[in-house]
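Only one chain is included here, represented as structure tokens and corresponding to the form predicted alone.
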Amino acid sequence: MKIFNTMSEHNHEEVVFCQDRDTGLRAIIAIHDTTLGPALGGTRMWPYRSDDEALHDVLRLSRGMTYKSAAAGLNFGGGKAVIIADPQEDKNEMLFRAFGRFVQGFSGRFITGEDVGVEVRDMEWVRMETPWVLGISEALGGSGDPSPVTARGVYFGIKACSEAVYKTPSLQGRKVAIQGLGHVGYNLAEFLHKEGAQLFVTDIRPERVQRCVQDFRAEGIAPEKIYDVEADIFAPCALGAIINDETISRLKFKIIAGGANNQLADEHKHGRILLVKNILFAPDYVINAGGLINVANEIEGYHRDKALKEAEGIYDILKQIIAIARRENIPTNEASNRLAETRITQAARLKRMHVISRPRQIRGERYAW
């Protein structure tokens, strides 16, 4: 019953625990809300310390996907999957194919793609067992790695925040601290470097830091020191919950805007503290929606230019959210929630209207209603 209580806290629709003895697969798939459409969300592979930690993560991430789709104007619900394993040690074809069998069991109610610890090749193994996979290679008709589009959306989101705080979208000469230099973080660093920003970078993998130091003349920072950097903008692009009771008092930035999911350890508490500290926070599920926008384009036939243009639209969405927050004197994460929830509510009301989607036969005649 504890699991049902946890699900009901944010009104999750479905949670499936997946286990395959032969491959060693242990995974959880969570569907939060399908009002707008089938649940869309990536699969994360991570060595969680406990099953409870994995469950907490997948529930939180799937809820974020609902809000991300709604705020981005997409007709998808929110879902997520986590595979409890070490991505550096435990990957193999049969494990991912076993996972694909579970995805197939949803019959299109859940559509997945890459997330932390999962790459394009892994999703191609999943696709051997189910068509409900996005983010596959271009050779197979997909869009490939969505990270560059995610980074582009984050970049334009930072520019929207800069306009709100500094009265200009230009990032020339701005000091930006980037936490996490994986695919998204590295591509973001490239965008910022080209515009003339001064970069401070960190990652738990030293070789990634060194690459950015060499490529973008960035200054490498020890992981635990990144919160103390004297910079204008903080761009978290690693894991979540990094704005917490321990770190929030150390922050001197004017803007927090990055690609990581669930950056606030406590949405209400820490969102309010940032408001009081006059730090503009770009809601993570809004600013990092470029990857979701990118893979969603695969469903109708992928066009790279269209996906990039839609990702750039995050600039306008963030401006709208910032305007709501300032008008109502509420944290930006609460403003973005209102925007998303309003769209979901309006869509739910539309579904009360009965529409016949297929022609019916009436007295031997065909009527296309």
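Take the two forms, superpose them, and find the largest set of C-alpha atoms that agree within 1.5 Å; that set is the rigid core. A residue's number is simply how far along the shown sequence it sits, counting from 1. What you are looking at is a predicted structure, and each value in this text was computed from that prediction instead of being measured.
We do not show the form predicted together with nicotinamide-adenine-dinucleotide (NAD), though everything after this point is about it.
Annotated contacts: 146, 150 and 208 all touch nicotinamide-adenine-dinucleotide (NAD) in the predicted bound form [non-hydrogen atom within 4.5 angstroms].
For residue 259, a non-hydrogen atom is located within 4.5 Å of nicotinamide-adenine-dinucleotide (NAD) in the predicted bound form, even though that partner is not displayed.
Although the partner is absent from this view, residue 265 stays clear of nicotinamide-adenine-dinucleotide (NAD) in the predicted bound form, with no non-hydrogen atom inside 4.5 angstroms. Contact check for residue 184: a non-hydrogen atom falls within 4.5 Å of nicotinamide-adenine-dinucleotide (NAD) in the predicted bound form. Remark: residue 203 counts among the residues lining nicotinamide-adenine-dinucleotide (NAD) in the predicted bound form, judged by a heavy atom distance of 4.5 Å or less. The contact residue chosen from 282, 238, 72, 233 relative to nicotinamide-adenine-dinucleotide (NAD) in the predicted bound form is 238, the criterion being a non-hydrogen atom within 4.5 angstroms. 180 is the sole member of 113, 77, 142, 180 with a non-hydrogen atom lying within 4.5 angstroms of nicotinamide-adenine-dinucleotide (NAD) in the predicted bound form. Residues with any non-hydrogen atom within 4.5 angstroms of nicotinamide-adenine-dinucleotide (NAD) in the predicted bound form fall in just one of 159-167, 172-180, 188-196, 119-127: 172-180. Residues of 270-290 that come within 4.5 Å of nicotinamide-adenine-dinucleotide (NAD) in the predicted bound form, judged by any heavy atom, reduce to 288 alone. Residue displacement note: residue 318 has its CA displaced by under 2 Å between this form and the one not shown (rigid core superposed). A displacement of 2 angstroms or greater separates the C-alpha positions of residue 65 between this form and the one not shown, with the rigid core held in common.
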